[in-house]
Ligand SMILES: O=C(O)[C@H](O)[C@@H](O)[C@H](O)[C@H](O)COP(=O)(O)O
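A single chain, nothing else alongside it, follows as structure tokens in the form predicted alone.
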Amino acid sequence: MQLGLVGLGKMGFNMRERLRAGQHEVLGYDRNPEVTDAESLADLVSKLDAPRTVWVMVPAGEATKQTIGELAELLDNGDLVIDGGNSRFSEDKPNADLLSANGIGYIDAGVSGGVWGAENGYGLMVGGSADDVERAMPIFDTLRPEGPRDEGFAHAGGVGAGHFAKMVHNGIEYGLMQAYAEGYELLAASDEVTDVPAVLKAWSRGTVVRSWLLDLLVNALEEDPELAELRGYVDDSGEGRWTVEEAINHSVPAPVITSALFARFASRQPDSPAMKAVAALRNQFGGHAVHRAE
């Protein structure tokens, strides 16, 4: 199958490599001249045979909106656009409506696998019409991990369902990572455990907490046993926030994911104003000692 791929960053570049290895013809466009196959988005479209399929893999938000807006003008009736970025699911219907006005189909694809996807495959959850999904299935089958399709791919529902599923996936990821991180800190704080990396590595087979995330933590500790080269500052790219917002909208209790999100906010405060207020209150009502700022 022929595919146009817009965005050749860490994931887009690896996706192009995996698809090419699967015998697909992939033409990519990126502003980086060292990796692009086309001079512009218009040049990319001109090199594709109709009916065209174009996969957008650029940062969520304005960059995706602008790219899809430009594609709406460049593509023709019968073409198909796939948004594989981490867009918010509520942005999918407006994108689909914009393209539909010109007879262009739309699929939203949640993609999980990170920088390891080129080798291991990508977990995919997509939203869109059954006909559009079937049309793109050769691409999905090459990108997903080897094995049964339903263990690495899901047609989650209509437009927006793929990104909603990926949003919840990433919210769960927040909670899992926070649990591993808290366990690591407790092990490191103890006097009893003298080889924390060895303990975590021993959990990687046979135990009920084994997972790929645990394997990655083991890898990180092998490279830097005390994580001394890192700051304890953690960004969030949006999906965790959106998951918590949707939990509120649907009255679904999500205390673990919510706590993990707020733990990331706490990581960005070298000196918490809230905890200063708590220290001041303890001092005021009970005369408890406080630590004075230098």
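Position 1 is the first residue in the sequence shown; the rest follow in order. Bear in mind the structure is a predicted one, so any value in this text is a computation, not a measurement.
Absent from the display: the form predicted together with the ligand. The rest refers to it.
Interface membership of G238, defined by any non-hydrogen atom within 4.5 Å of the ligand in the predicted complex, is confirmed.
Contact check for N170: a non-hydrogen atom falls within 4.5 Å of the ligand in the predicted complex. Using a 4.5 angstroms threshold between heavy atoms, G183 stays clear of the ligand in the predicted complex.
At the 4.5 Å threshold, heavy atoms of K166 reach the ligand in the predicted complex. In short, of 138-146, 172-180, 199-207, 74-82 it is 172-180 that has heavy atoms within 4.5 Å of the ligand in the predicted complex.
Screening N120, S112, S211, N102 for any heavy atom within 4.5 Å of the ligand in the predicted complex leaves a single hit, S112. Contact residues in stretch 183-216 (any heavy atom within 4.5 Å of the ligand, taken in the predicted complex) are absent; none meets the cut-off.
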